[in-house]
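A single chain, nothing else alongside it, follows as structure tokens in the form predicted on its own.
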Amino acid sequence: MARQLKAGTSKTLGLIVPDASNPFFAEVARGSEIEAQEADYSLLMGNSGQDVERESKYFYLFQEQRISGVLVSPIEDVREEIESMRSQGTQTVLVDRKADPSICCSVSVDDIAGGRMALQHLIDQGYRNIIFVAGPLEIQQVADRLSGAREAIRQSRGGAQLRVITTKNLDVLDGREVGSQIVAMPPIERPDAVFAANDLLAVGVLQAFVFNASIKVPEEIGLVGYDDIAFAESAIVPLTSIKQPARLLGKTGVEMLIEEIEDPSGHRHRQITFQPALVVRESTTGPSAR
């Protein structure tokens, strides 16, 4: 490190994620690490924990250490931080979020399409009274998934409706809390399906339903998650989910980052957007299939 600092160069990359405990971001990190190692780079990871101040500290730390490039999955707008880093020669790539092409590269997934896909599947299965468990709507990916879900509702002709319940976090405990709220509803007010903004929320909802055998999935309520983490397939009732290529996001982000580090003059910013895929499992055997 001392030699690198003296020379002003580094073979080290940084990765900032909003929730290292989420298996989705663990897969993003794994893909990043594998690609970095193959290119003879090291990778340091920082977990912002959905805390903007903590995220800013990682930006400062990585810049202070003269890391060559940083991948970041930001909480909010980080344009100022990115411009500061790039002015000091530290390249950046946004992961799981689109960037302004005039600033830097990005690699993401079409979350609007994913949200539309999830709702269309529920509608096709015969569900009509659907709740979206959203998490914080300030997170762009969550807002995009809701936008896609609303598009599917607008395009449906069968009278489907969508209600939204927001949560503070995108984790199992918050999902369980929403699930308990649904259990407490009078049967006539309950939804017949739930679309959760990620699989952790969906698992929490499922846990609340299963405790004391309160609500049967999918016999009484269908359930769709998002990300298709390992927990989705191994849940008590295997979850239908929208699959994101998490490892590929990390791999592609590192590829673009190293490309710019090693050839800054010839590099052109790119915005790569992957398409999600619907993975159908037992949690959405809808009314039409019963």
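From 1 onward, residues are counted along the sequence shown. Predicted model only: the values in this text are computed from it and were never measured.
What comes next is about the form predicted in complex with a small molecule, which is not displayed.
Asks: Would you classify Asn198 as touching the small molecule in the predicted bound form, given a 4.5 Å non-hydrogen atom cut-off?
Replies: Yes, contact at 4.5 Å.
Asks: Under a 4.5 Å heavy atom criterion, is Gln125 part of the interface with the small molecule in the predicted bound form?
Replies: Gln125: no contact with the small molecule in the predicted bound form.
Asks: Taking the shortest heavy atom distance, is Ala149 within 4.5 Å of the small molecule in the predicted bound form?
Replies: Answer no; every heavy atom of Ala149 is more than 4.5 Å from the small molecule in the predicted bound form.
Asks: With the cut-off set at 4.5 Å between non-hydrogen atoms, does Asp96 touch the small molecule in the predicted bound form?
Replies: Within the cut-off, so yes.
Asks: Which one of these stretches, 117-125, 139-147, 82-90, 159-167, sits within 4.5 Å of the small molecule in the predicted bound form when only heavy atoms are counted?
Replies: Only one stretch qualifies here: 139-147.
Asks: Which one of Glu260, Glu55, Asp227, Glu35 is close to the small molecule in the predicted bound form, taking close to mean a heavy atom within 4.5 Å?
Replies: Of the candidates Glu260, Glu55, Asp227, Glu35, Asp227 is the one lying within 4.5 Å of the small molecule in the predicted bound form.
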